[in-house]
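Take a look at this single chain in structure tokens; it is the form predicted alone.
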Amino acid sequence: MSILEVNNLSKSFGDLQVLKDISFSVDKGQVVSIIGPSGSGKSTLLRCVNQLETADGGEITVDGIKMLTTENGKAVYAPKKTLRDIRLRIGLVFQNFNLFPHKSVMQNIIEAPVHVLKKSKQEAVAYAEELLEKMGLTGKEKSYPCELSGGQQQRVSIARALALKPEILFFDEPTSALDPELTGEILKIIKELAKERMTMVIVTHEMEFARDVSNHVIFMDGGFIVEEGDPSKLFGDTQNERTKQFLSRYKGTN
């Protein structure tokens, strides 16, 4: 069952078309990695699905709810209440953490459950403590972002996204702001989430990770989906010359 369906999605910034007729779907429990060179449209695609950018046309359906349709050649979005409902089904982890610097770790995590989902503070704190334990951050509840390493901040970001219990979790290059030593701890957490059948879409430059954790891989270039499919096929036996050229730069993936 598809939890996300994207059909014929297009997006331009002025005269530059960055998404060109993008279509793909994500099934519940699936892990989809989106790879490709910088400027290929990967992050813009995520931002359109997460309502951080407005698409020019196409269709987006999340958990059976139409978010975007196209009528008479123009993009038509669902009513505000529907968009809000869809937004609550989606979690997004940014590459630069985006934590509130003036709030503690605990405050960052419980902010949305208390004020958006209207959970009691007691309930929100109890779940936040579970998430912090899962992230290996027990004891950091009262710390502020500036007191944490980059890897710890990103783990707080993941906990904050999970606090809303999303149906699907998006990662926009979650390790790009981290040094190599800290990258591994974030990738390990994402792998653990994959084992728990968390539905995820991950934009990443970590090719070995994409190969190992994904059920499905999408390769984008120039605003198009050039190739997609099973990781073993795409990384191990692709017949597409552009994909081969891109992957040849990464050791251990072919």
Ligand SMILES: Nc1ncnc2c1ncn2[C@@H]1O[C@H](COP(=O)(O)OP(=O)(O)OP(=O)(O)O)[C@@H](O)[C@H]1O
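Source: prediction; values computed, not measured. Counting begins at 1, following the sequence as shown.
Beyond what is shown, the protein has a form predicted in complex with the ligand; the following relates to that form.
Enquirer: Given that the partner is absent here, state which listed stretch (36-44, 23-31, 210-218, 59-67) has heavy atoms within 4.5 Å of the ligand in the predicted complex.
Expert: So the stretch in question is 36-44.
Enquirer: Quick one: does Lys191 come within 4.5 Å of the ligand in the predicted complex, counting heavy atoms only?
Expert: It does not: once the ligand is placed as it appears in the predicted complex, Lys191 has no heavy atom within 4.5 Å of it.
Enquirer: Kindly indicate whether Val18, Glu173 and His205 are, all three, within 4.5 angstroms of the ligand in the predicted complex, using heavy atoms.
Expert: Yes: each residue has a heavy atom within 4.5 Å of the partner.
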